[in-house]
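We give structure tokens for two forms of one protein chain below, kept apart as structure 1 and structure 2.
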Structure 1
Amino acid sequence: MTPMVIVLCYLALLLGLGIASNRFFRGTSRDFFVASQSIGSFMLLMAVFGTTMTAFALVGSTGKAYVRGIGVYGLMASASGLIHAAVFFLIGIRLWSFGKRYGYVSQIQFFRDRFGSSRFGYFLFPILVGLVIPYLLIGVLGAGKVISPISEGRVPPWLAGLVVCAVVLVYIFAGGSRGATWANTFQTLVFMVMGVVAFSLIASKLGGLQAATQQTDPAYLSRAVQNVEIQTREGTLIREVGVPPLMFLTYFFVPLSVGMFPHLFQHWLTAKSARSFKLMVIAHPICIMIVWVPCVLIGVWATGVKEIPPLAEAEAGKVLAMMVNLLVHDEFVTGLLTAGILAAIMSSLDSQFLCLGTIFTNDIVLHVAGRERFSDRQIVWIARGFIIAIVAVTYVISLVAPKNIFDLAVWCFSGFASLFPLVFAALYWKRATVWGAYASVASAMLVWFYFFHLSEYGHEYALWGGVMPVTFCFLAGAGAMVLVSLLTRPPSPAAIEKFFPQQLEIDQ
């Protein structure tokens, strides 16, 4: 019962934050969508970090380390530290400047304007929405999976998902982008602290840091690929531990996805000034380290803990909860850790709901009907209406979605990473044309879908001993952008002047 009380208190706190943020709401659409570009350095760091870290940061990283060993950190975390910060620096600041100067609140507005094509927005819209929706489902299903066990089954997953959706809906509805940023800041602090707390308690129960590592199966302490024999109740299982070198190299493409996440674009636009990006650019790799190093260690320690029965890969996500339950035996800690995992889930969910509401409102309704037909107040209510509809639709899909949808996370990231050449060319290549943009998106998505099909729609898939499919999707997108842009008429001088003015030349 104690864990449920803690989770309920946590959700109540979030509702309070949302309602408090409403007191600062200025009533304009710009305030609802991008918090009137008033967010400072610390909140921007926390909001963006919280948004990029899903439940995978706590639960998935521990599970992956339990399956593959310590190589998971280099594969997914340290590479992200370098690449994410690079994208914030090279892409984020520039997009923020265009958003500030030209009044964009969504990614599609920028691309429409940059390529001088309204139709390109309609083309991009279903692709972005299609890639965000599975990502949303991961959050809603994840919330159900986390809350249901601590209530000993009294709160079924459908009810847990419903409550989490309702809480997120209330604070976005009330505070818009500011509500999401405030909640994200709080939630990011919660999940960072809880990861470290869980690590300390588990290390202590295992007899200290040195003892914990010494009882670990040595196969999990390096990245060398080895086959390990595991005795499960169903029989003997051969598991490939370690990370193949080609996978390690080509996984570098995956973190480029942050350059095309529409919800991250919206967070960037909330920044008060370009200077607000400084802390985020520097501290993001450190924040990743604070969350991931403890989780990876807990995952590899679990391989040597006798109380944990050998788990199949599909069940590895349970490792963190099992380590806490079996070793710490404290309902209060279980409740806090559950709140931490929920924080990681909800800090992504809120931004994604808000961004889809923003896209539907601005890129479809206002774009088709004409902004001048609506008052600013009406626009806010249209956006709120869309957010309610999106939350409802997502929730209903989550009830019928296959439960192995968690495997889709890397495919979502790969899809967004495949679109990276589009945003990079739009910002840095004057010669990039709308036909190049169409070709880039179409080629990347076709190649992505081909591999997605080969993976039997969402399972782990690599070629030639480890090459990630995203490599080919990215190269197809980049190649098509260059080739088709060079073969088609260059953008107009006015478009070039608007997006490549003298003021933005590198040596100004």
Structure 2
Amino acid sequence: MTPMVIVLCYLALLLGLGIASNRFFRGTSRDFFVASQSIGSFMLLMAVFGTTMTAFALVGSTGKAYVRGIGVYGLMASASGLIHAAVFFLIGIRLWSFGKRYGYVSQIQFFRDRFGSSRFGYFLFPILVGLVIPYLLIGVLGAGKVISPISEGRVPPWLAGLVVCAVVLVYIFAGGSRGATWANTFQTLVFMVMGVVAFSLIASKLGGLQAATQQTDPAYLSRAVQNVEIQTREGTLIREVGVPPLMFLTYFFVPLSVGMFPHLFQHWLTAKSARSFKLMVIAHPICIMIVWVPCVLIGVWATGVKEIPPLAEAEAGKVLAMMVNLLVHDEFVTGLLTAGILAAIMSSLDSQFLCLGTIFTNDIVLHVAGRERFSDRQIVWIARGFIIAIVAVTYVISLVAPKNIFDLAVWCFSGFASLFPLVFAALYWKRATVWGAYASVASAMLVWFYFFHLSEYGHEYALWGGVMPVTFCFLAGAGAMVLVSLLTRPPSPAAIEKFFPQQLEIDQ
């Protein structure tokens, strides 16, 4: 029970941090939603990085590397390191500038204003919520996959997910966006340090880097596609290992999703100034490497560890916890490592819960009823109430959802990536119109749902030669935006002047 005691202590520490952040809460809705734009460079980096590194990065990448091999690093980590930084620079800073100038606290407020359409917000709201819920599922499912093996089955996955949701809710209630940022900073430092420690200990137990690699099937150390025979109790399983070239190339669309994550938009708005983005743009790729390299290698090494029985792809998410439990025999260290994995999971859940409460309150309730009808205190409680509802819905869905965290995450990211043409056109193309925006979102989502249905709702799915469905979703959204915008009336001169000034002030 030692690891479980340490995990409980860690959760209690998080609760204490959240309660402490409440002492700095200014009582205003703007402080609850965007921390009064008071977050500096380091905490912005930690919050944004912690938000993007979910159970997908730790639990999911290790499991996927166990299935497909070393090429998984190239699929997501190397692409993300470059593309995330570019999106932060091209999209994040510009959105922060408009948010500060016009008082936005959500994506939908920006798009409504940019395209001059109140109805577009109602159209976009259910799509954003629908795409965030699978992202939330990744965290809830990841908690169960981590805690259940460590507790040797004493804590069932449903209970682990419930406890994690409850802890996150408490510190969001207490501190809002500031509480989430503080918690994210702490949790990001924890899981980065613990990830390096876990990697070092596991490598040492396997005889060092060279010995651990030598005992691995060479098929898992190559990006080339090969069929590997795996002996299971049910018989021989043929597994495709490696990454097809077209899959490798088309995965580069997936990291564009960060440009449309509503929770990242909210984190960007918390920045003190545009200068706060400098550290994030430079250090984010380095942080990705620090986390992904150990996770992918642990997953690859697990294929050569005889004590780990052959796992089906749906069960591969257990690999990280099994490697820790098997090779790290010190219960105290095992507890610390488990807390580190939970830190990565929870650092995303809080931001996502908060962003859903933010967009529901500001873009639905206040937009319909009028802001003057509510006090700041009432606005905060409306957001908290919706967060509870979303958590409840997400938790119930997690009990019946597909268990493959990596693939579920890729579908979620693909949906947001297919919306990237919307935000890029809104920021950089004067000719983009509201009807082009409608067509872009509708086309992208129809194509996405078609492929999501073919995947049996959340499993890995690729087309000819490994082409990822996100390719067609992205192209459908971009093509519809360009074509329909050119065929409809251009935006008014006032709208163009508002969002395309001669000089955009970002150094404030």
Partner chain sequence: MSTTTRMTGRRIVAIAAVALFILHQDFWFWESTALVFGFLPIGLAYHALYSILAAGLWAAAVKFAWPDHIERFAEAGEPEGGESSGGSVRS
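Under this definition, the rigid core comprises the largest set of C-alpha atoms superposing within 1.5 Å between the forms. What you see is a predicted model; the values in this text were computed from it and never measured. Here, residue number means position along structure 1's sequence, counting from 1.
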Structure 1 or 2, which would you say is the form predicted in complex with its partner chain? 1
Is the shift of V87 between structures 1 and 2 large enough to count as movement, that is, does its C-alpha move by 2 Å or more after the core is superposed? no
Q378 C-alpha moves between structures 1 and 2 by 2 Å or more, core aligned: yes
Any chance the CA of P157 moves 2 angstroms or more between structures 1 and 2, core superposed? yes
